[in-house]
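This document opens with one chain alone, in structure tokens, the form predicted alone.
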Amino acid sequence: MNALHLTNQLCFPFYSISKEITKRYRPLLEPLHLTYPQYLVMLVLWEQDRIAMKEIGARLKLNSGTLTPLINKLIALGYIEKKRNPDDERHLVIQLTNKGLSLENEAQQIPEKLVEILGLTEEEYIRYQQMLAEFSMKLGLNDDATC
């Protein structure tokens, strides 16, 4: 086995799969005017509204240089707003607007539609999700994201 052969790399299938899944999300997210990274931010906020921007970055493994443009675009779309934390002016709190809250209803079917597009059974979806969660833990990510 050639260790430097592309097909022998663990990283390449993850890279390819990530790109392909993101591509499959695109037509589902276009009607909501969201990109995939913006969708991830919205998922965090639909789970917990009024959250520190720093916390969103930690959950999504994004630095502020990557997160700030996503937040600004979502503000421009009218989905969220940012305010200074009244308890600590140094920290920004992100919260959903009414428009952002109503968008959650429109997004409800996205996970189910994606599973259908990918041609997965419920059992396959659960198995892949569990395998990736285990691998994430091995990497020390302790990530509960399921997208």
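This is a predicted model, so every value here is computed, not measured. Each residue number is its position in the shown sequence, starting from 1.
Same protein, other form: the form predicted in complex with another copy of the chain, not shown, and the subject of what follows.
- In the model of the complex, another copy of the chain lies within 4.5 Å of some heavy atom of P111.
- At the 4.5 Å threshold, heavy atoms of E47 reach another copy of the chain in the model of the complex.
- Looking at L101, you'd find every heavy atom of it more than 4.5 angstroms from another copy of the chain in the model of the complex.
- Residue contact with another copy of the chain in the model of the complex: L40 places a heavy atom within 4.5 Å of it.
- In the model of the complex, the residues of 105 to 125 lying within 4.5 Å of another copy of the chain by at least one heavy atom are, in order, A107, Q108, P111, L118, L120, E124, Y125.
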